[in-house]
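Below sits a lone chain in structure tokens, taken as the form predicted on its own.
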């Protein structure tokens, strides 16, 4: 006997012409915070899902793909990261992955929305796994731009785990050249930065290519990469920006050795073979990234579809 069809549906629109439907079995949280719309729902296919401003952030079924992709390549690109800044990442899973690295002595997480953090602490314990309470963690609820302007701390790695730059949303000024210049100034000599850069799918490469060119205007080394996130329904773009290290030069054996030496527990997605695949960006995507002339600036922001 087949299961009954879902009666509630969430549609995530990538554009006015493309959307992905998720059957919803339960709504756990649906609130308008001071900064954004937040939903935590149960999906029939992907388990518990975090949705901000109607954009899927992660699901319990495949969040490990997103968070391992965002965190471990950039952490291994730095020779020995001791201090890490996580910008965004309110569900705590990015912080969780950072803390798996034995070398980390301090991890500062700055997220503007304390309501998101509190709801994720309550409803997503399998995601953060106690990362907020780790003695190495410091969680600050403030604007990340303001924090970088005022702090004199230097970090080995900065990871920006932000929602997409939606107009009127909290993140659009954290994708600009001025912001990346500020971030570079807070990085140590071998400092590295990573971020999610939007979909890598045809025909929606505008955000990925603009972020890539914006990083290129600031950092000596920029390495774009991608993977498929099932709950997003699309291939997704990421980038590592570095003062001097290039992760595209790492061999499979090198990555596997560094994982064994530096990460305290087994990974589910990322290893040396996966690393080579992540940075094997298809030709058509590379062509679009290189051809873009857009540099995102404070006075010329870029907004994704909302």
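These numbers come from a predicted model, not from an experiment. Numbering follows the first chain given and starts at 1.
Absent from the display: the form predicted together with S-adenosylmethionine (SAM). The rest refers to it.
- Partner proximity in the predicted complex, defined as non-hydrogen atoms within 4.5 angstroms of S-adenosylmethionine (SAM), places exactly one of 149-157, 110-118, 97-105, 73-81 at the interface: 110-118.
- If you check S-adenosylmethionine (SAM) in the predicted complex, you find no heavy atom from any of 64, 199 and 224 within 4.5 Å.
- The shortest heavy atom separation between residue 181 and S-adenosylmethionine (SAM) in the predicted complex exceeds 4.5 Å.
- Taking non-hydrogen atoms only, residue 144 approaches S-adenosylmethionine (SAM) to within 4.5 angstroms in the predicted complex.
- Residue contact with S-adenosylmethionine (SAM) in the predicted complex: residue 163 places a heavy atom within 4.5 Å of it.
- When S-adenosylmethionine (SAM) is considered in the predicted complex, residue 274 lies well away from it, no heavy atom lying within 4.5 Å.
- The single contact residue among 263, 255, 56, 40, judged by any heavy atom lying within 4.5 Å of S-adenosylmethionine (SAM) in the predicted complex, is 56.
- For the options 218, 171, 210, 139, the residue carrying a heavy atom within 4.5 angstroms of S-adenosylmethionine (SAM) in the predicted complex is 171.
- The single residue of 12-38 lying near S-adenosylmethionine (SAM) in the predicted complex is 36, the criterion being any heavy atom within 4.5 Å.
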